[in-house]
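Presented as structure tokens, the chain that follows is alone, the form predicted alone.
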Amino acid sequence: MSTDDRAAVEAALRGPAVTPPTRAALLARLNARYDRQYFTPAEFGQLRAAAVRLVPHDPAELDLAGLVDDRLHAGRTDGWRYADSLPDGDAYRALLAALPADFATLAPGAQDEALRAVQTRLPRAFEDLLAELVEGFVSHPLTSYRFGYAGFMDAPGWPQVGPNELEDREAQYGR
């Protein structure tokens, strides 16, 4: 993680343009670290490798596999699934078991082939996992910063609200 990126995100979150509840939620996301609890070590290794291949990221700064593991361990759900689908944890376990045992060490092209095969075999589990990984990635403050998105600055005081108008804080945020 770039310390400059992290410092810029923290400065924005601690600034006057962010309300206390939003600040607390986003700082919690920024600083979240997870211990594996739900998956076995082998499953977690598969999940981490698949997560990095599906949504390229550095797990040291943004632990998408840990986020999924933590959610399942806590029993949190988004409240829906297809009627004929397994619960998320069981569906993800089936998906991870369908990957080659050496998935994490395969060349990128071979990983892509394995993921396409799993997507064909278990499309709903694949769709759910991909959606969860993307949600975790997009909702992380570092991603917002790197996209130059300042929409989380939710304190009142946005006089520039017309099309193609940017507040100074928006124009200066991100890289």
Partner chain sequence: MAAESRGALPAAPDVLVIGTGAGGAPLLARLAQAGLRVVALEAGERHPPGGIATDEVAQAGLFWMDERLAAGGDPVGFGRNNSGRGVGGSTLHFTAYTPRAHPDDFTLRRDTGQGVDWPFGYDELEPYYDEVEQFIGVSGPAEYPWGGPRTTPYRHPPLPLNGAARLMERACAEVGLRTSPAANAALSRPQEQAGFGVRPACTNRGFCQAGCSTGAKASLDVTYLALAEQHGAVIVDGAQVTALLTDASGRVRGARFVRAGREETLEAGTVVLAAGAIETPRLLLRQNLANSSGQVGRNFMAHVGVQVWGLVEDDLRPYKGIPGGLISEDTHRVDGVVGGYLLQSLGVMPVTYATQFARGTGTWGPALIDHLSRYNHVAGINVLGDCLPYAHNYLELSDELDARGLPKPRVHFTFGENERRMSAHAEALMRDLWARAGARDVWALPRAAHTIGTARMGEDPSSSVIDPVGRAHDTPGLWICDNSTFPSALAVNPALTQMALSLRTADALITHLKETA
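Positions refer to the first chain, counted from 1. Note that the coordinates shown come from a computational prediction; the quantities given were computed from them, not determined experimentally.
As for the form predicted in complex with its partner chain, it is not shown, yet the points below apply to it.
- No residue of the trio 7, 49 and 73 has any heavy atom within 4.5 Å of its partner chain in the model of the complex.
- Proximity to its partner chain in the model of the complex, defined as a heavy atom within 4.5 Å, singles out one entry of 128, 43, 63, 69, which is 128.
- Heavy atoms of residue 134 reach within 4.5 Å of its partner chain in the model of the complex, making it an interface residue.
- Residue contact check for residue 148: one or more of its heavy atoms lie within 4.5 Å of its partner chain in the model of the complex.
- Contact annotation for residue 16: none of its heavy atoms lies within 4.5 Å of its partner chain in the model of the complex.
- Residue contact check for residue 142: none of its heavy atoms lie within 4.5 Å of its partner chain in the model of the complex.
- Within 4.5 angstroms of its partner chain in the model of the complex, the stretch 147 to 163 places a non-hydrogen atom from each of 147, 148, 149, 150, 151, 152, 154, 157, 158, 159, 160, 161, 162, 163, taken in sequence order.
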